[in-house]
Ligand SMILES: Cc1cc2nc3c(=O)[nH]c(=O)nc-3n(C[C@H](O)[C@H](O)[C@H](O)COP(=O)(O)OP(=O)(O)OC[C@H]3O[C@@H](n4cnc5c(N)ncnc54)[C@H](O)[C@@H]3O)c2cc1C
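Just the one chain here, the form predicted on its own, laid out as structure tokens.
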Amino acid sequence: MTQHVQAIVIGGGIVGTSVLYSLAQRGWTDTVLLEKRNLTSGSTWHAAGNVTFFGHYTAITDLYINSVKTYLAASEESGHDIGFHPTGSLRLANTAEELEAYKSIAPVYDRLDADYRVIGPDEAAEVHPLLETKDLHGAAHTPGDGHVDPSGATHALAKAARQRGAHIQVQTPALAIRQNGQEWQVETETETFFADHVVVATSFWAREMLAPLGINLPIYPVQHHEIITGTVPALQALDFEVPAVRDPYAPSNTRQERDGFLCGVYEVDPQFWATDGIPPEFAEELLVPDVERLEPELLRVIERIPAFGEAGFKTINNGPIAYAPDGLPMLGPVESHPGLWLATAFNIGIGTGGGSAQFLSEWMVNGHAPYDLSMVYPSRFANDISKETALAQIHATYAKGYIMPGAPA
């Protein structure tokens, strides 16, 4: 059986469903999303769900802000709850240089009409009473962000896309992708699809998926730990949710999860996983945790949030996330293969997936990028980049955590 469609999206996580929905918003509804297992089966299901307005690079701030807007729009359109907790976020300034850097980017948020404030230690303590502000220079405060339920957001996007006429097929692995004249051909177990455009949104599977086409993607999985504490009485005593804290010193992100904390840790010596190929049987699984190697970072988290160390660890998750050498997504066309697009290598998939899909879909529909964002284009990496070079650069990028480019380590 064969089908002809305008565009095929491969991958049913937050990014793939965002692309499908964003294309449908722009009138492209003769589309199909293929997911080899179930929606959220890749990295999405074990994500923390953090959405923030503050990124490492001011150039991609639009992607962060438009992600929140995209999820909220899909929720309103579909009627499906995304579990949005508008707690706001604090990005801590442990040095005077960091504080000045935060102040310098305020005009970006003015342009985007987003609530952004640089506050002092006393005000930081007011919005987050459990934060130790000794020696803190201040923080960047974005009151309009927070966190969503990754599964809820993905299914809201999928439902809204379907309501507009797009199609989704789960339990449908894309077994082969090839060019067939001016069209793209995607083979599944039971069908052959032909399309003008194919979007690969398959996270750390994208490398192996496109290798047969001679495309060398420098994307590899990195192990990433999230720790959920037991009940914290001081949190229970509050009548509001505390904002998420991103700390370059730790480095980590820590937010409230019910009556405890959830902390994502970026260790100095990150460990890779399956760099020689993803196991074919790998599905909705987690890796063996190794909390001992996180001890230096966790001790720093406790310095800033003492209550984090008082409740004990209830859950320790270790899941693989996709990384490109510079830690940025690979978003845009594969220039050597017209009609083939990438939306992959998202290590902050929830935080930037929705906005990235808006950017990509506008590019696909209009034939040109909405604005220059060359730092995320796939063409920034030479096709002959070696595995050794890619892994070394990924290791260094991950280890920097929340340190802004150009800021002192």
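Being a predicted model, the structure only gives us computed values, none of them experimental. Residue positions are given as counts along the sequence shown, with the first one as 1.
Another form, the form predicted together with the named molecule, is not on view; read the next lines as being about it.
J.: Within 4.5 Å of the named molecule in the predicted bound form, counting heavy atoms only, one of 37 to 45, 357 to 365, 22 to 30, 54 to 62 shows up; tell me which.
T.: The contacting stretch is 37 to 45.
J.: Taking 4.5 Å between heavy atoms as the contact cutoff, choose which of Gly319, Pro325, Pro270, Pro143 touches the named molecule in the predicted bound form.
T.: The option sitting close enough to the partner is Gly319.
J.: Closest heavy atom of Glu226 to the named molecule in the predicted bound form, within 4.5 Å or not?
T.: Although the named molecule is absent here, Glu226 would touch it in the predicted bound form, with heavy atoms inside 4.5 Å.
J.: Taking the shortest heavy atom distance, is Gly349 within 4.5 Å of the named molecule in the predicted bound form?
T.: Yes, Gly349 sits close enough to the named molecule in the predicted bound form that at least one of its heavy atoms falls within 4.5 Å.
J.: Give a yes/no on whether Ala174 approaches the named molecule to within 4.5 Å in the predicted bound form, heavy atoms considered.
T.: Answer yes; at least one heavy atom of Ala174 falls within 4.5 Å of the named molecule in the predicted bound form.
J.: Is Met209 close to the named molecule in the predicted bound form, meaning a heavy atom pair under 4.5 Å apart or at it?
T.: Yes, Met209 lies within 4.5 Å of the named molecule in the predicted bound form.
J.: What residues in 229 to 246 sit within 4.5 Å of the named molecule in the predicted bound form, counting heavy atoms only?
T.: Heavy-atom contacts within 4.5 Å come from no residue here.
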